[in-house]
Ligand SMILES: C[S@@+](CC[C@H](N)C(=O)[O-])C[C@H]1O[C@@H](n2cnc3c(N)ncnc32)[C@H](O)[C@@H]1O
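Have a look below at one chain only, the form predicted alone, in structure tokens format.
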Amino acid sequence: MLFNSPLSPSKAHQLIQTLGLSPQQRVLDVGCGQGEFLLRLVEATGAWGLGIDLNQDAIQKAQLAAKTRTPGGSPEFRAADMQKEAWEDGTFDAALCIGSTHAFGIGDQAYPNALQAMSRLVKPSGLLLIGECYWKQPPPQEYLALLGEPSGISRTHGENVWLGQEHGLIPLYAATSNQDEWDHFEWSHISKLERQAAAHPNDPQWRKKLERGRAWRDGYLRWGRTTMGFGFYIFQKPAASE
């Protein structure tokens, strides 16, 4: 699984082309994971990138990949907490956050906090790309209980777009994960977990992980496929004169 979200290589390429960034433009990727999306963006556009994530192991893998794929020094990756970073307003030409708005808060405040913080960090006319879950239909209580509270999902696809507009941003583009992308994402997780647990048959911790994973799989099959969606939203910050 290349991306820690229901995203295919073809849709990643589509998003990168839609952003339309130029060489030397500065891009921030919050919650970059192992850096695959940012690496592809830099390879395709020549932009300068910085990826941050709390997961030190993921960052180390991203740094190693950058050395072999983009030896010119970009993108850079570092383990960091978004809440503790202090960049000046307008530092970046674009800011990305795909499936990681929890870096900006918890529950239903994560997405609006991300919109506000990322808008501040980009220059006038700068771009935001946010990947965020949404409800396709009202979720059953059993599914909410499985997800746990706060679920982090509070809006429909349209409401995710409109909330960006309410924050003074211009919606430029929106797309959603298709069913194949979702199935690949979910089954890649459980397949990896099944193999890892099989390699540790006498380890009670792995048995617990496998039980949780199978419960999540069953919840996805019962409710998730028809209830939870994932959207990709590109917004533009208004020009200074607007």
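Bear in mind that the values here come from a model prediction, so they are computed numbers and not experimental data. The first residue of the sequence shown is number 1, and the count goes up from there.
The next section is about a form of this same protein that is not shown, the form predicted together with this ligand.
Colleague: Any idea which of 142-150, 119-127, 100-108, 86-94 reaches within 4.5 Å of this ligand in the predicted bound form, heavy atoms considered?
Modeller: Only one stretch qualifies here: 100-108.
Colleague: Is the gap between Q236 and this ligand in the predicted bound form 4.5 Å or less for some heavy atom pair?
Modeller: Answer no; every heavy atom of Q236 is more than 4.5 Å from this ligand in the predicted bound form.
Colleague: In the predicted bound form, is there a heavy atom of this ligand that lies within 4.5 Å of any heavy atom of A80, even though the partner is absent here?
Modeller: Result yes; A80 sits at the interface with this ligand in the predicted bound form.
Colleague: Please determine whether G33 contacts this ligand in the predicted bound form, using a 4.5 Å cut-off between heavy atoms.
Modeller: Close contact exists here: in the predicted bound form, G33 approaches this ligand to within 4.5 Å, heavy atoms only.
Colleague: Decide whether L54 counts as a contact residue for this ligand in the predicted bound form under a heavy atom distance cut-off of 4.5 Å.
Modeller: Flag for L54 set to yes.
Colleague: Is any part of 1-23 within 4.5 angstroms of this ligand in the predicted bound form by a non-hydrogen atom, and which residues would that be?
Modeller: In sequence order, F3, N4, S5 come within 4.5 Å of the partner.
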